[in-house]
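Shown below, as structure tokens, is a lone chain in the form predicted alone; questions about how it binds or moves come after it.
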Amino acid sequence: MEFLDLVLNILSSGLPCCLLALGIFLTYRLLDFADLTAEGSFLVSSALTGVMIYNGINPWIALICGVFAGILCGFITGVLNRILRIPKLLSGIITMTASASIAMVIMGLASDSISPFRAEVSFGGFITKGSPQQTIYSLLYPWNEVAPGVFMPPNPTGDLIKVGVMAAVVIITMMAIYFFFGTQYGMAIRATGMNERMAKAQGINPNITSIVCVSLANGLIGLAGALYVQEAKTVSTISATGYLVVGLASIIVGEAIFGKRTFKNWLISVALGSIVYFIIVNLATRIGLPTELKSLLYAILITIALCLPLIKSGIKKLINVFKRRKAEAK
């Protein structure tokens, strides 16, 4: 049972971050766009989804609105860069900086808020069957009556359903990404990232393709934020802190371990990299790593992942030297 709890904990943390990593991957790898909007779109999406659920709106509608919030953040970054000619790095920083204030305004829309601004919204750790504050997970729970008027899902069934819904969303999204980037317009976006001048010569408008890709990427990050907040049941202005690093680390770890031979393999590698990343983090926590040292662990993981090609090359050289000496000895 303890092992099952560990697996479910890893998956419930890692699966939303698969979408986060895929969103960062689209701009960072395909478009060669150094986009720092990720934490901003994650936060705004989480805030909007959380507030809508807090106010009793259907969680699936809240999730879709969260995705569009992420798309809007990406669109703003794309316009700042491609239309207003602000450098890529600064465009993302501007949107990310503004996101904290925007999120506080959104959270101020919670039904019981007495201020137009709010730094945190929680919609309870205890959801009953008749509660207006439902998540996409609780809608599917096989509720069992354990006390008069009180309904709770049996454990670990609730956690299994939660992970199953997340996995389904991630798989469907990955299939949609793979299909889209195999279309003519998807290939135009990839061509823009590879060689913008050549793409322009082929009649592609790099401004439009860049804005579309950045918007799509941040829509994926918004989806990750919407899934996260419905699992955590709380959102605050610091909820997204560090998730940009998590996404980048997932990309680097996945590429280093699983490779990037084809586009499909590349997508799967990025998604699996997120799971591997959270396996390492959870194991480190289990063996007693203090929370204060997690940032150091993140930095070490990224460094090791970046050095993996060099390490692999060194191991191959050692093996070849060993084989050559063994042959000479014979």
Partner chain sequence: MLELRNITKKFNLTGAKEDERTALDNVSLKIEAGEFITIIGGNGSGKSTTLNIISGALKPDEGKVLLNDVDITNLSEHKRAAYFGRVFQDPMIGTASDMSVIENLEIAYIRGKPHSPFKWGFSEKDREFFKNELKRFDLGLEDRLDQKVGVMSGGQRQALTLLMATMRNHPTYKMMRRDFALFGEQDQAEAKRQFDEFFSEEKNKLDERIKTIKNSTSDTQTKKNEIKQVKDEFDAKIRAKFDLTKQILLLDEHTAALDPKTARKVLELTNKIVRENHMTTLMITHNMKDALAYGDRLIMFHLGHIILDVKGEDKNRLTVADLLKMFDDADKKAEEE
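All values reported here derive from a predicted model rather than from experimental measurement. Residue numbers count along the first chain shown, from 1.
Another form exists, predicted in complex with its partner chain; not displayed. Remarks below refer to it.
The three residues 179, 188 and 191 all sit with a heavy atom within 4.5 Å of its partner chain in the predicted complex. Residue contact with its partner chain in the predicted complex: residue 257 places no heavy atom within 4.5 Å of it. Contact annotation for residue 200: at least one heavy atom lies within 4.5 Å of its partner chain in the predicted complex. Contact between residue 205 and its partner chain in the predicted complex is found at the 4.5 Å heavy atom cutoff. Using a 4.5 angstroms limit between non-hydrogen atoms, residue 286 is distant from its partner chain in the predicted complex. Figure note: of the listed segments 157-165, 71-79, 192-200, 224-232, the one touching its partner chain in the predicted complex, with heavy atoms no more than 4.5 Å away, is 192-200. In terms of contact with its partner chain in the predicted complex, the residue from 183, 115, 122, 97 that brings a heavy atom within 4.5 Å is 183.
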